[in-house]
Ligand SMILES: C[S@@+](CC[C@H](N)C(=O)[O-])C[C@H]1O[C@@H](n2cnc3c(N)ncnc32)[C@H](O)[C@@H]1O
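Okay, so here's just one chain, in C-alpha cells, the form predicted alone.
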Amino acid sequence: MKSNSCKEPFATIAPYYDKLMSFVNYPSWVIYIEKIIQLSSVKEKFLLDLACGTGVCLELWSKNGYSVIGLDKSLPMLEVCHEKLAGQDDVLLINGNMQSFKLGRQVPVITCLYDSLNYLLTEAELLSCFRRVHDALRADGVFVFDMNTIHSLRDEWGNNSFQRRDEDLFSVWTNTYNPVQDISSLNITLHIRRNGEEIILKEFHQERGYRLSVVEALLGEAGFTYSLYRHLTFTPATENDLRIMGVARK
C-alpha cells in the first residue's frame, strides 16, 4: 500500500477528477450560459474560463464552435486538460492565478464555474479576482460565475462525512464547518486499486461562503452591474439557495 498526503488542492487528484465529478451535468451549465450570452447580444464566440480545471466545459465550448482560453492555478489539472484537448488549435491554456492574472487583451465572455470562487477565502481575494475580470472583459461583454452559499456549506456539507465508489475508485469526503469564518474544510481520501496494489491519496480543500450582499458589494466595487440567480435559473437568488449564478457586466 502506498500513501500520499498533499495539502495543495488538485495536486494529486487531478487524474481522477473527472471520474469523481461524473455526476455533474456540465452540458446543462453550458446551455444555460449560452442562453445568457445570447441574451447579452454577444456575437463573437470567444471565451475565457477561469479555474478551468480538467477542461470539461472548455471541451464543450470548443465543440460548440468557441475559441477558448483556460486559466488554472493547478499544473496537474492543466496537464489533464492539455491531454484532453490536444490538437485543437482553438484552445489556449494558461497557468495562472484568478486573483492576479493579466490577460493582455479583452474578451467578450468570462466564466468561472463549479464553486471555484469559493476557494478565495477573503473578501480582498474575491475583490481582486473581480477586478482582474473587469480589466479583461470587453465593454459589451459578460461575466458568468457560480458560488456555493453559506447555507450550502453550513447546512448541506456541515460536519459530515460520506463515501463514494466510482468504478475502481473509492473516496471518503470529510467536511468540517467553521461558523465564525464561514469556511468549510474538506479532507478527501482516495483509495485506488492499481495492478493489485492499493494507493491512498489525500488532499485538503477549503471553501468560504459569502453572503449575497457581500458578493453584490464586491461586484459593485469592481465596477460591475450584476444580477444573482438561483442555480441555472433566472429566479432571483436567496440565502436559502444551495448554489447561485452571477451575471455581471461592465
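Position 1 is the first residue in the sequence shown; the rest follow in order. The shown structure was predicted, so the numbers you read here are calculated from the model rather than taken from an experiment.
If you look for the form predicted in complex with this ligand, you will not find it shown, but the lines that follow are about it.
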Choose one stretch from 114-122, 85-93, 130-138, 166-174: the one whose residues place a heavy atom within 4.5 angstroms of this ligand in the model of the complex.
114-122
Give a yes/no on whether residue 152 approaches this ligand to within 4.5 Å in the model of the complex, heavy atoms considered.
no
So, in the model of the complex, is residue 144 in contact with this ligand at a 4.5 angstroms heavy atom limit?
no
Check whether residue 70 has any heavy atom within 4.5 Å of a heavy atom of this ligand in the model of the complex, and answer yes or no.
no
Exercise: residue 33 in contact with this ligand in the model of the complex, heavy atom 4.5 Å:
no
All three of 26, 74 and 77 touching this ligand in the model of the complex at 4.5 Å, heavy atom to heavy atom?
yes
Out of 228-247, which residues reach within 4.5 Å of this ligand in the model of the complex, heavy atoms considered?
none
